[in-house]
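One chain is shown next in structure tokens, namely the form predicted on its own.
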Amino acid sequence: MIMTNSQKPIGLYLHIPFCKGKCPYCDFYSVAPQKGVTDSYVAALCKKIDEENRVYDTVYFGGGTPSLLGADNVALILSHIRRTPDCEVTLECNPSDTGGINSVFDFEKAAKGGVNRISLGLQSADNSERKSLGRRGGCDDVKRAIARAKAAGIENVSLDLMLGIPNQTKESLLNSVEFCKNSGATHVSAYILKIEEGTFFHKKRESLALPDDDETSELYLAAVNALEEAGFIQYEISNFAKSGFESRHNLKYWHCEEYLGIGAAAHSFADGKRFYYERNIDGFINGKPPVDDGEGGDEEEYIMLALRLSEGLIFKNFENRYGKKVPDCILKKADFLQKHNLVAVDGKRIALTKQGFLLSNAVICELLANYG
């Protein structure tokens, strides 16, 4: 449902909490799909979208494994969404479900429904590493999924890449980057593995053959340099894109712009408020309202998110948004951190360096210490 409207468009995130199996590192909310439950969940999503009656300029199907819904359900959901003509519509896909030899996912139907960007879980181009991460299928599935998407007219393809995983070497990581380069992908999200509580990896963390902090830092910097050499420009701590293919939806998060999240475990920042749905499918299907999570978009939050971007905290944007200059306490700390090559400062912005990105949490905390 593509249309224009005087209402300012925002982003829409749809959480699809269905997975055939739980990866050992994953802490996102997901359950095994069941026919009746899946249909009821899709109906609840459509109902809530209709009730909101907003206009969106980005739509992101995240999960879970959104491609498990099938192209018919994806197209059905999109038919309820009022979108701008240039709306970016991203669908996360599992390569084994969309690129497997016997896969029946219909990319043409998804594209006709409005999907114009896909995100595929590569994680690694080394099949033994993929197996250790609990990924189904191999790299050939990734290649087929990309080919099928492009044949359907979906040219914008993002690949997920993981760093610091068990038994990973610099050589295997660079081979994965080379795979991304040759795959036809336009975007790469390269995340350092974080062992989250409640995951299988957390339970067996003492026995995992993980690189230490120094080795992980070397892997990160190697990935950054190799991706940029391959034409993927870093625009956020973990995200790289060919020119013009940055994720418009994710940029909303980092620019502290408003978006609506619908579905179990989905979070929102809309109308100046943050709120979220509980991690409960039945609750969402039965119409349980989201939980209030307080105000959003304050100065501190804006600065924190802006510093995740390669462009950094742009002074003019801060001044336009809050009606005042960036406080001197931030500028003084930035001058100190610049001497240690952790940030770059000029008359227009503060931006973290590649070394600063490695220590981003500590650097940002230092900049914001005692703020306000």
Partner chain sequence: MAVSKDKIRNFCIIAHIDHGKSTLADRLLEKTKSVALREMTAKLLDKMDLERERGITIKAHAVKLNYLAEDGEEYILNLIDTPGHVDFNYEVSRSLAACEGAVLIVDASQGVEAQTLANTYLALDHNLEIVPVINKIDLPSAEPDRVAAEVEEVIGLDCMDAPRVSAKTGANIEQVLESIVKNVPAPEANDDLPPRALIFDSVYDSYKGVIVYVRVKEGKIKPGDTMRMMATGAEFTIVETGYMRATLPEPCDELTAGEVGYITASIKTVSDARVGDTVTIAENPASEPLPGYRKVNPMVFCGVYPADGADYENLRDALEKLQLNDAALTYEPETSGALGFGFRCGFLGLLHLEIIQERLEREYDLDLVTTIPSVVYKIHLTDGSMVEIDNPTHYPDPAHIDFCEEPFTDAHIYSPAEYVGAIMDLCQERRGIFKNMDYITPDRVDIHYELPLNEIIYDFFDSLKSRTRGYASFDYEISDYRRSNLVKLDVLLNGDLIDALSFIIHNDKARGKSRKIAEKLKDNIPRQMFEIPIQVAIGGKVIARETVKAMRKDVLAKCYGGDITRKKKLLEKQKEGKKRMRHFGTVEVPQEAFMAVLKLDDND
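Residue numbers count along the first chain shown, from 1. Since we're looking at a predicted model, the values are computed, not measured.
Another form exists, predicted in complex with the partner chain; not displayed. Remarks below refer to it.
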{"query": "Contact at Tyr191, Asp214 and Met304 by the partner chain in the model of the complex, all three, heavy atom at most 4.5 Å", "finding": "yes"}
{"query": "The partner chain: the contacting residue among Ile364, Cys23, Cys19, Ala351 in the model of the complex [heavy atom, 4.5 Å]", "finding": "Ile364"}
{"query": "Residue (of Asp282, Glu178, Asp72, Glu295) lying close to the partner chain in the model of the complex, criterion heavy atoms within 4.5 Å", "finding": "Glu295"}
{"query": "Contact test in the model of the complex: Arg308 vs the partner chain, heavy atoms, 4.5 Å", "finding": "yes"}
{"query": "4.5 Å heavy atom contact, Leu76 and the partner chain in the model of the complex", "finding": "no"}
{"query": "Asn250: touches the partner chain in the model of the complex, heavy atom cutoff 4.5 angstroms", "finding": "yes"}
{"query": "Interface membership of Arg148, the partner chain in the model of the complex, 4.5 Å heavy atom rule", "finding": "no"}
{"query": "Partner-proximal stretch of 334-342, 321-329, 46-54, 31-39 relative to the partner chain in the model of the complex, 4.5 angstroms, heavy atom", "finding": "334-342"}
{"query": "Residues within 4.5 Å of the partner chain in the model of the complex, restricted to 266-291 and counted by heavy atom", "finding": "His267, Arg274"}
